[in-house]
Structures are given as structure tokens and as C-alpha cells.
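There is one chain below, alone, in C-alpha cells, taken in the form predicted on its own.
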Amino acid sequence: MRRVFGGVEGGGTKFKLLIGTDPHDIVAQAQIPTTTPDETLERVIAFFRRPDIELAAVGCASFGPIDLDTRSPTYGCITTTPKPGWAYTNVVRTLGSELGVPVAWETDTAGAALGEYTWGAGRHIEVLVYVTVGTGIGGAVLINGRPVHGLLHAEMGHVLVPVADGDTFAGICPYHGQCLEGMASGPALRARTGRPGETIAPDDPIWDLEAAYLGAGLHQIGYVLSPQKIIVGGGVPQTPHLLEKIRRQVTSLNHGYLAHPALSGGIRDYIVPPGLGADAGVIGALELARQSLQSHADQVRP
């Protein structure tokens, strides 16, 4: 019987599941739709109940906001999410009690950042930012491979961005309206155009507006956190030429103020796609599980 780890990337539209020890040693993987909490978590639990493995720990990188404070009565919960039915779902308690193993808990973006730091485009980067643009927009910052937490966790998708001249779109965020997520997420694109982003031609002018908002968001994030690399993941940035438009926007907004190659000729090495592609989050969740077990072993070792 093999001793392995479990990885869960919980997203607003789908959950990705993985069993293994690292990206080169995968026992099983699956993808399930995000429906109700009971139905979704029941299918997650069923996936990990296999007679041929010994599950040592599970890492869960979830959409949020989530409670990361182990002292809090709502630790392990998805909190004030607009996702219907999921507010205050205690994912950690449910998975831990049903599977009988430790459950490590992080945001989906921090999980993706950890995956990229360990095996992807962010290896050995001291200050690393990961931003994802899809159903929502989220971000995480890692310092020497450790996610930064404070009051809660980073919410980069909800920074306020300047509204482009002539843009009358009110934004779709139910909390902030015209924040980065409200103006530039996948659902925002669909609300603007009536079409999902993957069906919009790469030369459609809407992508210039999309790049303007995403570039403004990355410009602010870069100035505040001064990362050595920004990884941009999610479905929306996979549109051909969009990442290049975003890079040009960030360079333009800098106006030469920060005299560093990363914000001029080196921009293609500064703002990059994920090395692990769409699997960064679930692979990062697997690493969360491994690290949590190692941390526990270090604490109990005499």
C-alpha cells in the first residue's frame, strides 16, 4: 500500500483532485463540477477513499475568502463568498473528519503560487506574486516560499482600478462594483459582451480594455509588493497576445519611474505565464499536504 498525499484545488466552477507525491508521481487525478457544498465535498471524499493507498494528509487550496486563523471559530471555512450556498462551509472539518487525516488549508492562489515556487516558473524566487484571472481574480504573495498572511489573506482582485475613459460598465462585483475583479474577470467579460471570453476573437478591441484594467492592477501590485516575478494564470490570460498587451500596459504606467530592467526590456521575464499551466493550484495543494505533514513531524520530534 503506497503512502501518498492528496491535493484539492477548490474553484468556483470546478474542483481539481490529485493523489500522489509530486508532479512526476501521480497516482490518480479527477475534476468535478462545483455544485452544492454537500454534493461537491461528498464527491471529493469518495475520490480519496481508495483501498490501494495510504493517504497521509490532504492539502486544500480553495476559492474564498477563507478563514486561515487557526484560533478562529470559523477556521477552515469559506466565509463571505458570493458563491450561492457556500458561505461558511467548513471544508477543513468536513474533509478531516471523513478522511481521518490532517488537512492543510490555503487560498487557491496561494496554492498555485506554492506549486509554481516549488516546481514551476517561480522556483527560488524570493518575493513571488501569483495572480489568477478566471471566474474571479485573486492573488497571493510568497516570501521565500511562504504565503503572506495578515488580517486574513491577500485579496488582489478587489483592488480598485481607474475606470477607463468612456467606460460606462458598472462592474459585476457585488461588494465593490468597479474593482479589478468586477471589471476584468471572466464573468465581467461575459457581462460586457454577452459571450464567454474563449469565444471572443483575439483581435477584438475588448482585449485592449481588458489589458488596460489588468495592467493597472499589476502595476499597483508591483509597486506595493515589489516582487521579483509576477506569474499570471487562469483561463482569461490564455487568450493569444493578451499577456503581451498587459506587459506593455505595465511598462507604460511605470513611465520610467522605477529604473529596473524588469519594467522595460526585461518585462517578458518579469510578468510570465505559469510553468505548470492549469495544474499549478492542485499541484500546490499537494505540496501543502506534504509540508503540513513535515511540519507536524518536526514539532513532535524530540
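Whichever C-alpha set is largest while still superposing within 1.5 Å between the two forms counts as the rigid core. The shown structure was predicted, so the numbers you read here are calculated from the model rather than taken from an experiment. In case it trips you up, residue 1 is the first one in the sequence shown, and so on.
Below: the form predicted together with a further copy of the same chain, not depicted.
Colleague: Heavy atoms within 4.5 Å of a further copy of the same chain in the predicted bound form: does residue 190 have any?
Modeller: Outside the cut-off, so no.
Colleague: At 4.5 Å between heavy atoms, is residue 260 in contact with a further copy of the same chain in the predicted bound form?
Modeller: Judged by the heavy-atom cut-off of 4.5 Å, residue 260 is in contact with a further copy of the same chain in the predicted bound form.
Colleague: Just to confirm, residue 152 within 4.5 Å of a further copy of the same chain in the predicted bound form by heavy atoms?
Modeller: So residue 152 counts as contacting a further copy of the same chain.
Colleague: Closest heavy atom of residue 159 to a further copy of the same chain in the predicted bound form, within 4.5 Å or not?
Modeller: Looking in the predicted bound form, residue contacts with a further copy of the same chain include residue 159, since a heavy atom lies within 4.5 Å.
Colleague: Is it the case in the predicted bound form that 43, 92 and 118 each bring at least one heavy atom within 4.5 Å of a further copy of the same chain?
Modeller: No residue of the spot touches a further copy of the same chain in the predicted bound form.
Colleague: Using a 4.5 Å heavy atom cut-off, which residue among 170, 148, 164, 206 comes into contact with a further copy of the same chain in the predicted bound form?
Modeller: None of the others qualify; the residue that does is 148.
Colleague: Considering a further copy of the same chain in the predicted bound form, which of 225, 101, 78, 200 comes within 4.5 Å of it through any heavy atom?
Modeller: If I apply the 4.5 Å criterion carefully, the residue I get is 225.
Colleague: In terms of non-hydrogen atoms within 4.5 angstroms, which of the given stretches 191-199, 93-101, 212-220, 110-118 touches a further copy of the same chain in the predicted bound form?
Modeller: It is the stretch 212-220.
Colleague: Using a 4.5 Å heavy atom cutoff, which residues in 267-289 contact a further copy of the same chain in the predicted bound form? It's fine if the answer is none.
Modeller: Heavy-atom contacts within 4.5 Å come from 270 alone.
Colleague: My question is whether residue 220 is one of the residues whose C-alpha shifts by 2 Å or more between the shown form and the other one, given a fit on the rigid core.
Modeller: No, shifts by less than 2 Å.
Colleague: Rigid core fitted, then: does residue 162 show a CA shift of 2 angstroms or greater between the shown form and the other one?
Modeller: Comparing forms between the shown form and the other one, the residue 162 CA shifts below 2 Å.
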